[in-house]
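Shown here is one chain on its own, the form predicted on its own, set out as C-alpha cells.
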C-alpha cells in the first residue's frame, strides 16, 4: 500500500532578475510503514521536498497524494521547536488538546517513559540537553498519532554519542509502531543505518535510489555496509549523468 505519491513535483522561487528551481520534477512513491532516508548536499531540495509534503509550502506544479487522503502529517525539525513556556509534558499534550483528559495523560505518559523522559515531564525546554529536547520533539510527533512523520535533519546538531543513541531509539520506535517516516540527512552513514530505502537528491531531483538489505540493528563497521556506503558516496559525488547505485 502506498502512503504517499509525488508526481512531477516542481518548486520555483523568484529572485531579483531570475528564477531558481528548488525541485525540478520529483516522482516518488512511499510504501506505508516504511522508513525512507533522503541524502544530498545542501541546497539540493531535500528540505523543500519535506515542507511541500508537510503542507508548509505550495508546489509550483505537480501532485502530492496521500492514502488515506486525510493522512495526518507530523514534522520534526533540526531544532526541537518546543514551546519554552510549557513543560515537557505540556508540550507533548499540546497536540492532543481535542482528546479526553484521561487519554491525553495515558498517551503522553507512555511516550515520555518510552523516550526516557518520564523523570523530566515537569522540566522546561531550557532545562533539557539537546538530545532530550529532540526526544521530546519526537514524542510530540508520536502523540499526534501521525500517519506520516517527516524528519528534517533532526539529529544534525547533536554530538556523535547522543546522535547514535537517538538513531537506535528511532529504529526501535519505527519497528514497534510501523509508522511511515521520511528522514532527511546530510550523513551517509545515518542514511544507511536508518533507511530501508535511501534516495539521493541533487539539483532538485532524485538522482539515485538504493535499497538497504541489512536487518536492524545495523553494523556500520561491517564490509557489506562499507561497500554500500562507498557506492552511495560515489553516487553523491559523481557527475549527474553517471549517478546511480
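Source: prediction; values computed, not measured. Residue numbers count along the first chain shown, from 1. Take the two forms, find the largest set of C-alpha atoms that superpose within 1.5 Å, and that set is the rigid core.
Keep in mind the form predicted in complex with a small molecule is missing from the figure; the text below concerns it.
> Would you say all of 91, 107 and 145 touch the small molecule in the predicted bound form, counting a heavy atom within 4.5 Å as a touch?
Heavy-atom distance to the small molecule in the predicted bound form: none of the three under 4.5 Å.
> If the cut-off is 4.5 angstroms on heavy atoms, which of these, 47, 59, 196, 207, is the one near the small molecule in the predicted bound form?
By the 4.5 Å heavy-atom cutoff, the listed residue in contact is 47.
> For the chain seen here without its partner, which of 39-47, 214-222, 24-32, 66-74 has a heavy atom within 4.5 Å of the small molecule in the predicted bound form?
Within 4.5 Å of the partner lies stretch 39-47.
> Taking heavy atoms only, is residue 169 within 4.5 angstroms of the small molecule in the predicted bound form?
No.
> Answer with yes or no whether residue 186 is in contact with the small molecule in the predicted bound form, where contact means some heavy atom within 4.5 Å.
Yes.
> Look up in the predicted bound form whether residue 78 has a non-hydrogen atom within 4.5 angstroms of the small molecule, and give yes or no.
Heavy-atom contact with the small molecule at 4.5 Å: present for residue 78.
> Does at least one non-hydrogen atom of residue 13 fall within 4.5 angstroms of the small molecule in the predicted bound form?
Yes, residue 13 sits close enough to the small molecule in the predicted bound form that at least one of its heavy atoms falls within 4.5 Å.
> Superposed on the rigid core, does the Cα of residue 162 end up 2 angstroms or more away between this form and the one not shown?
No, the C-alpha moves less than 2 Å.
> Aligning on the core only, does the CA of residue 81 end up 2 angstroms or more away between this form and the one not shown?
Residue 81 C-alpha, core-superposed: shift of 2 Å or more.
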